[in-house]
Structures are given as C-alpha cells and as structure tokens.
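Listed next as structure tokens is one chain, alone, in the form predicted on its own.
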Amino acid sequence: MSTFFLIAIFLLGFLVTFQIAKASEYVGILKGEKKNFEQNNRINGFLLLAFLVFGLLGVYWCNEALKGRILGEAASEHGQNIDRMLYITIAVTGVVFVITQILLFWFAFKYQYKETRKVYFFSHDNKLELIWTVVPAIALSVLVGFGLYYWLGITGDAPKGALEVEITGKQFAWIYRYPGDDKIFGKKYYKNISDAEDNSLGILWDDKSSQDDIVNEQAMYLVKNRPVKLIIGARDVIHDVGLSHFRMKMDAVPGTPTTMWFTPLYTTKEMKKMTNNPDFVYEISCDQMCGKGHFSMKGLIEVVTQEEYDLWMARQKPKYLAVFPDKDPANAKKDSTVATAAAVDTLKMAASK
C-alpha cells in the first residue's frame, strides 16, 4: 500500500509541475518573449536545485532501505574481502559523485543567463588537466590492483588438504563429482557421455581411479571452515557457476576446465537462523545465457560440519557400482546369502520326503 501511495504522490507532483509549466507558458505569451525567457530561466534554476536535493535524498534512502536485504552477509572469507572492496569502491566513487553533482547543479544555478553577465572563456589550463587526469588514474589503479589481488587469490592454488569437488554444467542442471578414497578423479572422455547408460560425465570405467568416485546431481555438499576447490566444466555449451552468497562466479567452458576456491564460513542451518528464513538455501545459478531453459538452471549447496559431511559421504555409493551392480560386494554377499538360504530350503524339503 505504501508503494502505491508513493507512486500516486510522484504522479501527482509530475502533474502539478506540468500544469505550472503550461500556465507559465501562457503567461509568457502575454508578457512577451524576453520576459518569459528570463522567468523560465529562474524557475529552471530553482528546479535544478530541488532535483539535486531530492535526488541525493532518494539515493541515500534507497541505500538505507536495501542495504543487506538482497544478498545478506557474505558466507565465505573471499566474499568478505569482495564486499570490503565493494564498499571502498562505493565510498570513493560516492564521494566523487556527490561533489561533482553538487558542483554541476550549483554552477547551472549560480551562473545562469543574465543580461549583465559576461562570459569568461579560457582555452586551456595545464594544472586542471593534470589534476583531473592523474588523480582518477591513481585511484582507479589502486582499486583495480585490489581487484586483481583478490582475483588471483580466488583462482590460485587452494590450501593443502582442501576439499575438491568437480562441478559440470549441462542444459539445464549441475552434476557434482567427488573423488573416492584414493583422492583422485577418474578419467573422462566426452564421447562416452550417455544419459541412457547412466554416464552423464563420460567417465572411463576401466580407470581404477574412476571406480570409487561419487557422482551426485541433487546437491553439492561442502564443509564449514574447510577450503574447497571447485573444478568447473561443461558438457554442451558455456555455462557459468554463480555463487552469490559466497560472492564467487566462474565460467564453465566445454573442454577447458576452470578452477576457483573459497572457504565457507556458515553452515546452511546457521544461515537459516542468521537470515531468519527457515527456507534459506545456498544456490548455484547459471550466470551465462545457455538456452531456453536457462532460467531453471538452479543448483543447491548444503554447507555442513565435518562430522555431518563424513556421515553423508559414508552413505554414498560409487557411481561405478550403481552402473555395474554385479560388481558391488554388497550385492554379491546378498546373492550368496540368498543362494545359501535356497540350498537350505531344498535340503529341508528333501529330508521331509
């Protein structure tokens, strides 16, 4: 309802201003062209100052109203650095914006046309040229330097002992793969990709390192306070792994793996309490237009404690055993038990005869 009233007030103000302008135009016709021009010039000067004041107040109000409501607190160490860099950038550019806008509108008001005023003209000033070239160049170089520093930190080598997760984009979902006990990802070959054969990644099953890999398409599980290195790829078109809560993103390119790493700071349960939102989830978005189903390409991340992660991992079955159930020792043991039970039943029936 408050939004409706704000829109109504804005429209009413516009209508009143328009009617005043039309009335001034008719009065000007009666007074004469010169007097009408001078009067309109003064009115426009005051309107410029009013626009400046209300515009700056509007910028401040929007900042206070929306601050922290869109993404909330960064949930990774890198994300906090990114937010800090963003606030510094906004502070620097905000100060420059306010100063330049005040000067712009004030000069337009103060030096508006007057018949008695003479124009002062100068063609060049080396000092001014030097100031407004060197100062912005230095400021922007410092900001870009911080950006490169954080970017190299994100894309550099992950700390020793970091969790490694392979994430692959396809139209229109994400596939997650974890190395097994050997801590080595098995080999893949794109020509082996076959959803019909339950091999969405094209894994080479003959590779021993592939036979204990865990493949999951429901959610990516990460550990609080443990660095994670994402090995990113795609199997069809270019996608982009967007992790807004962690302030991270990286292209997923077919045939060209990319990497980034970060450290989650809060579990999913903790974020639900911090945001006061029982339905909160960490999301993976595709930040690259990848086809007609692009809007639906959403992945989920569960950040858990190390104990919860170990328990989850213990429940997972290697993809190799799901594709080749006859290789599963559990199934072989089950078949042996069934066969033994059948043999016992046969002996009991023979004895009863």
Partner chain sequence: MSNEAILQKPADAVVTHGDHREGNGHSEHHHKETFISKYVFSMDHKMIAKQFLITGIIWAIIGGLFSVLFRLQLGYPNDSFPILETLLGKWAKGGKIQPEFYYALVTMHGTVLVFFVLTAGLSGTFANFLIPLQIGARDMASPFMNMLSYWFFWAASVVMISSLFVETGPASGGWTSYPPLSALGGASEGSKTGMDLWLISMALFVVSSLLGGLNYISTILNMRTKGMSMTRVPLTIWALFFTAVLGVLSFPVLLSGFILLLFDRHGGTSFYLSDIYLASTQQALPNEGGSAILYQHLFWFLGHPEVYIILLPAMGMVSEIMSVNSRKPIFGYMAMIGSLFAITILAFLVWAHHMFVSGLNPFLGSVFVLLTLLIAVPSAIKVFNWLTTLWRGNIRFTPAMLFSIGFVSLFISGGLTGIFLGNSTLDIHLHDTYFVVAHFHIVMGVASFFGLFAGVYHWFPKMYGRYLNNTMAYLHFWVTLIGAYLIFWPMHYEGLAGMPRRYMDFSQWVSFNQFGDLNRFISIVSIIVFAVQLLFVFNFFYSIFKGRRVTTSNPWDSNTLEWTTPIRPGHGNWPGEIPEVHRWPYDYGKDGREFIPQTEPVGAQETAH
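Numbering follows the first chain given and starts at 1. Computed from a predicted model, the values in this text were never measured in an experiment. For the two forms, the rigid core is made up of the largest set of C-alpha atoms that agree within 1.5 Å on superposition.
Below, we turn to the form predicted in complex with its partner chain, even though it does not appear here.
**Q.** Contact flag, residue 317 vs its partner chain in the model of the complex, heavy atom cut 4.5 Å
**A.** No, residue 317 sits far enough from its partner chain in the model of the complex that none of its heavy atoms falls within 4.5 Å.
Q) Contact between residue 284 and its partner chain in the model of the complex at 4.5 Å, heavy atoms? A) Yes, residue 284 is a contact residue.
**Q.** residue 51 within 4.5 Å of its partner chain in the model of the complex, heavy atoms
**A.** It does: once its partner chain is placed as it appears in the model of the complex, residue 51 has a heavy atom within 4.5 Å of it.
Q: Tell me, yes or no, whether residue 327 is in contact with its partner chain in the model of the complex, where a contact means a heavy atom of each within 4.5 Å.
A: No, residue 327 stays farther than 4.5 Å from its partner chain in the model of the complex.
Q | Residue among 204, 274, 140, 231 with a heavy atom within 4.5 Å of its partner chain in the model of the complex | A | If I apply the 4.5 Å criterion carefully, the residue I get is 140.
Q. Of the options 167, 74, 215, 248, which one has a non-hydrogen atom that comes within 4.5 Å of its partner chain in the model of the complex?
A. Comparing distances to its partner chain in the model of the complex, the residue within 4.5 Å is 248.
Q | Contact segment among 118-126, 223-231, 158-166, 206-214, judged by heavy atoms lying within 4.5 Å of its partner chain in the model of the complex | A | Of the stretches listed, the one contacting the partner is 118-126.
Q) What are the residues of 191-230, in order along the chain, with a heavy atom within 4.5 Å of its partner chain in the model of the complex? A) Heavy-atom contacts to its partner chain in the model of the complex: 191, 193, 194, 195, 196.
Q) 2 Å or more on the CA of residue 276 between the shown form and the other one, with the rigid core superposed, yes or no? A) No, the C-alpha moves less than 2 Å.
Q. On a core-based superposition, does residue 218 travel 2 Å or more at its Cα between the shown form and the other one?
A. No; that C-alpha moves by less than 2 Å between the shown form and the other one.
Q.
Superposing on the rigid core, I want to see if residue 140 changes position between the shown form and the other one - specifically a Cα shift of 2 Å or more.
A. Yes, residue 140 moves 2 Å or more.
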